[in-house]
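Only one chain is included here, represented as structure tokens and corresponding to the form predicted on its own.
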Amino acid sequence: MTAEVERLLHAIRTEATERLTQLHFPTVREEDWRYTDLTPIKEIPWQQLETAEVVEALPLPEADYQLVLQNGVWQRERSVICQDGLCVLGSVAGVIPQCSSVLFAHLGQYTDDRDYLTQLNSQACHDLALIYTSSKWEEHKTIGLHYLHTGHHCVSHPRCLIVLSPHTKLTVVEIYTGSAVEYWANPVTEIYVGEQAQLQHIVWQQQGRSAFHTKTTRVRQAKHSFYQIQTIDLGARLSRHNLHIQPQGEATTTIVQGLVSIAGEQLADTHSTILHSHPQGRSNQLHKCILRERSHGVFNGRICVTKAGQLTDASQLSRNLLLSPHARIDTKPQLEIVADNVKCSHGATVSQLDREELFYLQSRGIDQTTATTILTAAFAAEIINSIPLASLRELLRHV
């Protein structure tokens, strides 16, 4: 790591430490945290440590390159990286040369200074994963980011910066997995999609069932860019994803798809904001929850259109399937529109499996468990079939 990069990270840590003195841990008294109680996280004496236990990464055969981090620490011997000057993939504290200009231009520029969890991450920022494509990069590659977690009462704060120069294309898959012990992962991902660049972003969260997972994703899009994010939430005792997307130019395209499938006492919370502050922006958001037993799903999606966001075309839909009388969903799609020449819509549905459809399948000799599985798979198929990687589609069909 160069001296100027070390100074930058030191400045980020120092500023975050100062901000934390003026902030407080989120509580249910705040509207954005009304349904998600973080008290269990606050009461545990967390520690940051490296463990000798090896956690296996989820297979991703389509990945051209992969970066593996365990408890936030880069595992160089398990990574397949590219550093040819046109595409840079690796750890800032590792062997990435001449990355200071990208870091100074983007690192920490898109985060919320008032967000406590983000500042906790910044306070622990001694290293980060960097993905950068120069404007001369002409290939469309798939990159796997494997975040592995283990260690009882261990906390990690992984950081990632993704920067696409104009006219470049990438598919980035973030995969979060871990052991069965009680740990806390608090990752932050910052993304910049340059002019006419295209980023396909998949976030696969399958943490251990005793784990806590609080993730922040902050995205900025230049004009005429394309950004699609698909989030899959399957694991963790408590998971929260704060997603904020802001186009910084006209005629951007944003697609947001989310699929939650949980059971037991699991809680999965998604809070998203798409801010249209430039003309001719287009966004489409679809979020689906499948809730079993006593699980609890939360969705709060905001689409904001400022006065400058004329000719915006935005839609948002929350669909929820309750497979148990004890399952619970709190959903709140929102439109906040100031512009007067827009096309915007939003909606939400909450339902159980149709008894007539179940009866029809059972009348054809299919048992109730299999019939339930078929109908549940049909509910999720719209999102599963749109995932571009066959290995992840196949894995989801067996969940």
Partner chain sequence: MIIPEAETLLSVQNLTAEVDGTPILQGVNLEVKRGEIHAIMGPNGSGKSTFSKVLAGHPDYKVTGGSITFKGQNLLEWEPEIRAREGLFLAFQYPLEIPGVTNSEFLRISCNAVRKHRGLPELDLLDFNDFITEKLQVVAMNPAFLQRSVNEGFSGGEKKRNEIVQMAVMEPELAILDETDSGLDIDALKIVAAGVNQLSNERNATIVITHYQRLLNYIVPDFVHVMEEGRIVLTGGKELALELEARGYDWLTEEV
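Residue numbers count along the first chain shown, from 1. Just so you know, these numbers come straight off a predicted model, no measurement behind them.
Quick note: we don't show the form predicted together with the partner chain, though the next part is all about it.
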| item | value |
| --- | --- |
| The partner chain contact at residue 23 in the model of the complex, heavy atom, 4.5 Å | no |
| The partner chain contact in the model of the complex: residue 367, any heavy atom under 4.5 Å | yes |
| Distance check, residue 374 to the partner chain in the model of the complex, heavy atom within 4.5 Å | yes |
| Partner contact for residue 47 in the model of the complex: the partner chain, 4.5 angstroms, heavy atom | no |
| In the model of the complex, the residue from 334, 345, 349, 362 that sits within 4.5 Å of the partner chain by heavy atoms | 362 |
| Option touching the partner chain, based on a heavy atom within 4.5 Å in the model of the complex, out of 357, 53, 30, 56 | 357 |
| Heavy atom contact within 4.5 Å of the partner chain in the model of the complex, the stretch among 349-357, 334-342, 35-43, 57-65 | 349-357 |
